[in-house]
Every structure is written in structure tokens, then in C-alpha cells.
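First, one chain by itself: the form predicted alone, in C-alpha cells.
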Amino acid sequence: MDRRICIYSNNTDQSRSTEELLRKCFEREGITAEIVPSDKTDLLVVIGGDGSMLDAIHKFDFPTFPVIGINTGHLGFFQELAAHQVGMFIERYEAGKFNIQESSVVEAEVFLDGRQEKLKGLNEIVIRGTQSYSTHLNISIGDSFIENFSGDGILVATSSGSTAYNYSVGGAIVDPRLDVLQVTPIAPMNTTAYRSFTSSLILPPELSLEIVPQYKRDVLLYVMNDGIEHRYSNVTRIKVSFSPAKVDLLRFDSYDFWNKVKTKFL
């Protein structure tokens, strides 16, 4: 069987040496190592940190084949393996001793004057005003109006992204086996003049979030998908929901999400 594995690596010395070792192991096992994925690619191996994982997923447009990470970065929350575990990875992969963790993707549909754009994120979608001003947004969930939000912005995270920016702004850590969206306010105002929710909201898969700028100046918004910034000057509304796309992360039997939370955060 001709197995084809694409390798994506960042440019650090440790990543380059890990990639060289991996390519030699693949050659010895008769595995074709690709630089760019093809329609026959079986697996994407990302060497680096969490940023490299997100870079690869976006560069290859949320691939339909499984993805595994080898950590040569800092936190490495997405990564399954350490750099010294290359040999173990190939042995277990060839023996079929792995599982697939299906990760949901969040999508923002940005409606502008006369056109619309779609943005996808594995971790999150962030909607903010300019850095100089707070933004005021009318927020609805499903068909129900919820509130006039005032603050720096809002973040909508997947379960996979709950440990990223969402966690930094006070959101909850969510087990990736739960298929939910988490809406977390960023620096919300809660005064006699402005009343905003100050804690996260958890939404089931069938519900979407709709955001409409409240005032004329609020049509200037920044929308970020996994940290990729997009500036819009004429936003009429934004709909945030689950995308049909999925990302399949390859996990071995030893993977334990909550043990990783403990070792990475506590």
C-alpha cells in the first residue's frame, strides 16, 4: 500500500532536525513524504507549536485527511507528540493504534454592502471594534434578541479553542468531546449606562449567533479567525455558527485531554 504523508514544518532548528529524521524514517518504511498535500494524502504531520498547527490547517484549507502534530514549540496543546517520539509515532501509526478526534470548526458569515465573506476558525472567531473605542453590538441567539453588548468585543470559541484566547479572557475550558460554541465577552461594560453579560454563554450546535452593529460608527469592525485579522468598514451583520467543515486530529490511545490540561495549565 502506497502511503503518502505530507510534512509541514516551521523554520526553527529543532523543527528542521525533526523533519529530517522523520523523512529518513519514512523513506526506510516506504512512505512517500509530500511537501504539498495531494488528493492521495493520508495524513498531515505538523512540526512546530500550536501556531504552526493553525497555519497548516488554514494554508491547506481545513484538510479532509487527518492531522497530527509534533511539538517543537512552547505550549503545544494541539500537538500529540514530542520531538523524541518520532519512532513511536511511525510504529503505532502503521499498526493502526490510533483514534480520530473530530474537531468542529466555527464560521463567520460577514455581510457587507452588496457582498458577503465567510471566515473559518478551528479555535475561534473574534469580533472587535477599533482599538481606540468600545464597540456596541446587538446580539441575537437563534431568533431571540439577547442584548445590546458594549465592550471591546466578543469571542466565539469551539471546544477545541476553549483553551486558547477564550481561556485568556476568562472563558471556560470545555472538553473537546462536547460539540458546543462558547460566546465569551471581551472587556464588557457593566454600568448604569451600559449593561452587558460578563460571563460566557454556551450554545448547542443547532443555534447560531447574529451580531448587528448598533450605531453607525460600529460598522467598522475587525473580525479575526484564529488570529488572522480582517478589517471591514461597512458591516451590516455577522452570523456565527458551526461550519460544515471538520478537522480530524489523530490521537493515540494514551491521549488524555484532562491530563494535558493539568500538565499545560496547572
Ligand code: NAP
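Small disclaimer: the values here were computed from a predicted structure and weren't measured. Residue numbers here begin at 1 and follow the sequence given.
Quick note: we don't show the form predicted together with this ligand, though the next part is all about it.
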Picking from R115, H84, H74, R177, the single residue whose non-hydrogen atoms come within 4.5 angstroms of this ligand in the model of the complex is H74
Among S160, T135, S196, Q182, just one has a heavy atom within 4.5 Å of this ligand in the model of the complex, namely S160
Contact of G49 with this ligand in the model of the complex (heavy atom, 4.5 Å): yes
**is_contact(F78, this ligand) in the model of the complex, heavy atom dist at most 4.5 Å** = yes
* Taking 4.5 angstroms as the cut-off for heavy atoms, does N99 touch this ligand in the model of the complex? -> no
Would Y165 count as a contact of this ligand in the model of the complex, using a 4.5 angstroms cut-off between non-hydrogen atoms?
yes
TL;DR on 196-204, 50-58, 215-223, 27-35: the one with heavy atoms within 4.5 Å of this ligand in the model of the complex is 50-58
Taking this ligand in the model of the complex and a 4.5 Å non-hydrogen atom cutoff, the residues of 111-134 making contact are N123, E124
